[in-house]
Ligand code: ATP
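Given next, in structure tokens, is a single chain: the form predicted alone.
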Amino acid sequence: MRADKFNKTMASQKSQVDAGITRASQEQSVFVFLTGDGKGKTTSGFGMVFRALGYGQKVAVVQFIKGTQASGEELLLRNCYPEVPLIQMGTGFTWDTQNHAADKLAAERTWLEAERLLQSPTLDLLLLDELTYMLAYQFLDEDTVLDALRKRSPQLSVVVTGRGGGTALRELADTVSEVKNIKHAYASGVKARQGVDY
């Protein structure tokens, strides 16, 4: 691209960006939904947690599904930010447990903690990791979850991760990003790698 064409393109882009910034004048918390069949939803959610911590904000994490094998994100949070609440369902993946009744009880116990955090007057950001599976497997009532998200503390932004999640969750969210799986090393027989995959 020639320099003069590049400069003209960037000037046009700046004008559009500036106009967008001017239009976005409403100050409020947001609900971000990270979904799709690709890799990186939880990592993206934790990225937002660490971003908020960088600004000195108060955050908390609730993990559904995971919790039997420590991830790099969990280790960093526990070692460097021990004051951050990290609540885990602790049962691991549902294909390992194969116990609907026990998983449902664990999900309900964990959700009670999530509901409490959703009403916190001091939290700035709450990550609800893998919440979508709790709805898909009917461990939690969808209407109850949606109502709690709607009625959260006014200053609290929420990040929900997981595949699927249903139309109602997408419609309620302010921002929805879908991570699409194009190719994954695991499908070619490559073992999950510490620091990359977990």
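Residue indices: 1-based, along the sequence shown. Predicted model, so just to flag it, every value in this text is computed and none were measured.
What comes next is about the form predicted in complex with adenosine-5'-triphosphate (ATP), which does not appear here.
- Interface membership of Thr43, defined by any non-hydrogen atom within 4.5 Å of adenosine-5'-triphosphate (ATP) in the model of the complex, is confirmed.
- At the 4.5 Å threshold, heavy atoms of Phe33 stay clear of adenosine-5'-triphosphate (ATP) in the model of the complex, well away from it.
- Of the heavy atoms in Arg163, some are within 4.5 Å of adenosine-5'-triphosphate (ATP) in the model of the complex.
- Using a 4.5 angstroms threshold between heavy atoms, Asp37 counts as touching adenosine-5'-triphosphate (ATP) in the model of the complex.
- Although the partner is absent from the chain shown here, none of Phe64, Ser120 and Asp147 has a heavy atom within 4.5 Å of adenosine-5'-triphosphate (ATP) in the model of the complex.
- With adenosine-5'-triphosphate (ATP) omitted here, the record of contacts in the model of the complex names 130 to 138 of 151 to 159, 24 to 32, 130 to 138, 168 to 176, defined by a heavy atom within 4.5 Å.
- Of all the residues from 172 to 198, those having a non-hydrogen atom no more than 4.5 Å from adenosine-5'-triphosphate (ATP) in the model of the complex are Asn181, His184, Tyr186, Val196, Asp197.
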